[in-house]
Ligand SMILES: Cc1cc2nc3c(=O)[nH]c(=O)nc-3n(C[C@H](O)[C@H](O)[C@H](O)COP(=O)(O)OP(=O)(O)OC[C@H]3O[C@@H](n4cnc5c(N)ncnc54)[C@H](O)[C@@H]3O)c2cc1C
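As a starting point, one isolated chain is supplied in structure tokens, in the form predicted on its own.
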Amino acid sequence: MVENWDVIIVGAGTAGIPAAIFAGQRGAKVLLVDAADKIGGTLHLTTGQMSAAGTSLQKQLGISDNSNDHFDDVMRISENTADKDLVRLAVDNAAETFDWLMTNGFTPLDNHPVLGNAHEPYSERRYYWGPFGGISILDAITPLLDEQIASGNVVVSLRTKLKNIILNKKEVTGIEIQAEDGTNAIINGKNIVLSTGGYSSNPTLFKELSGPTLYWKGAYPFSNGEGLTIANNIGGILRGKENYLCGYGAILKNFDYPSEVTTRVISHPHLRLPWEIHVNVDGERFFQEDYDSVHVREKKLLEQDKLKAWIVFDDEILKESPPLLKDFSKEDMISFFSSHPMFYYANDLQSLANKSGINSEGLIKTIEEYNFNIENNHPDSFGRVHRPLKIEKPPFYSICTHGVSITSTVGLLVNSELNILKENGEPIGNLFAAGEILGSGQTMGKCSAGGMMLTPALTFGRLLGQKFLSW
């Protein structure tokens, strides 16, 4: 067993695997550790969405694209909340990363690349994913890692927890690990890469760093934030809380947070135009339900108490409208009103509001105004156009939804070489980071910019193994 490793990589996921592959290919002696019992990290759960401009596939399809336009799109979509330096580093190197995947067996869906999917679209087709989500990526890179393991350049240690980072004055010299049997050991390394992922399976840390309650029990179970916490303890700076953003319209199984998700409301107008209204706890509408922008409704939800909203409608809308719930029929939805804690009905609006936990005066006033405008052909107060029916025929219904997230917004501050920085701006010597440990709020900003979590993770891992770690 090597006692002094050229590189120790903590986290064998989206960033850690490429880092190990490229470092191993350059002859480095690499130790790749992970707390899980298998490699892959969040690739086992993610939809695998990537974005890259100037790829060989685009050129084959006659698509003229470049990283400058990609950069401009990310900054536009994020409303300049993303970190410009990290976005620049990511998009300038994304095409090489994507081409590398394609060369090694990754095959995107037949109609890809596309402009977008639900969130704000790009200006050019540079958005890709495979038929099996993140597994399509994992299947392409695992053989490359296996080659380096077989060569002896990379050693993988699973079920191995990071307990501490060994700091000698201004530079890191190794890590303390805990093996599956509970024994601890100090492992020396010239360079340490933290690719331990986020914290979205840690309710306490999620509340502390992101702000809201962790509602959704759906993240990778090993996303507990230990890398963030340990790096912070030795001087690493955490940033990005202001960029927290949540998804819209999740129906949780129960109020015992964090909870699994039963389904989501179909709130994208290009998939289903709204027949219902959406209200907050005060019984008031807060956005234009038929406006075709996920980004707008997510931003508006952030302003609502506890990130909660209710979808309200009547019996005629229930009978006449298309199915409202993702992957469930109308008959399924009807059954939920007698069996699911997020579904309510009553013969009058006062009772419905009381059951739902909504302010009754506000709800009644909102529906009266909504109905009056339809009946008198007045413009909707939010500019809504699609208003097929009034809400007036009992029984009345409501469905409680939550704003949820399984990504980690806050991350470690790094420089353009992915060196973790201290508060004074100085790097912590020999300590690097890549992947979700940098925070989704840095490469996406306060938005969902397509492919700008997974592709930067792959790319930064590749760059650390290929360029920044020189021995």
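Counting begins at 1, following the sequence as shown. The model shown is predicted, which means the values in this text are computed figures rather than measured ones.
A second form of this protein, the form predicted together with the ligand, is not displayed here; the remarks below concern that form.
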- Query: in the predicted bound form, does V414 have a heavy atom within 4.5 Å of the ligand?
  - Reply: no
- With a 4.5 Å heavy atom cut-off, would you call A52 a contact of the ligand in the predicted bound form? no
- So in the predicted bound form, does any heavy atom of N153 sit within 4.5 Å of the ligand? no
- Query: Going by a heavy atom distance of 4.5 Å, is N68 a contact of the ligand in the predicted bound form?
  - Reply: no
- Query: in the predicted bound form, do V33, A36 and L162 all reach within 4.5 Å of the ligand through at least one heavy atom apiece?
  - Reply: yes
- V410, L43, V404, L431: which sits within 4.5 Å of the ligand in the predicted bound form by any heavy atom? L43
- Note on the structure: Interface check vs the ligand in the predicted bound form: of A12, C447, L463, I21, the one with a heavy atom inside 4.5 Å is A12
- Message: Please pick out the stretch from 435-443, 57-65, 417-425, 22-30 that is in contact with the ligand in the predicted bound form, where contact means heavy atoms within 4.5 Å.
- Response: 435-443
- Item | Contacts with the ligand in the predicted bound form - residues in 194-230 whose heavy atoms fall within 4.5 Å | S195, T196, G197, G218, A219, Y220, F222, S223, E226
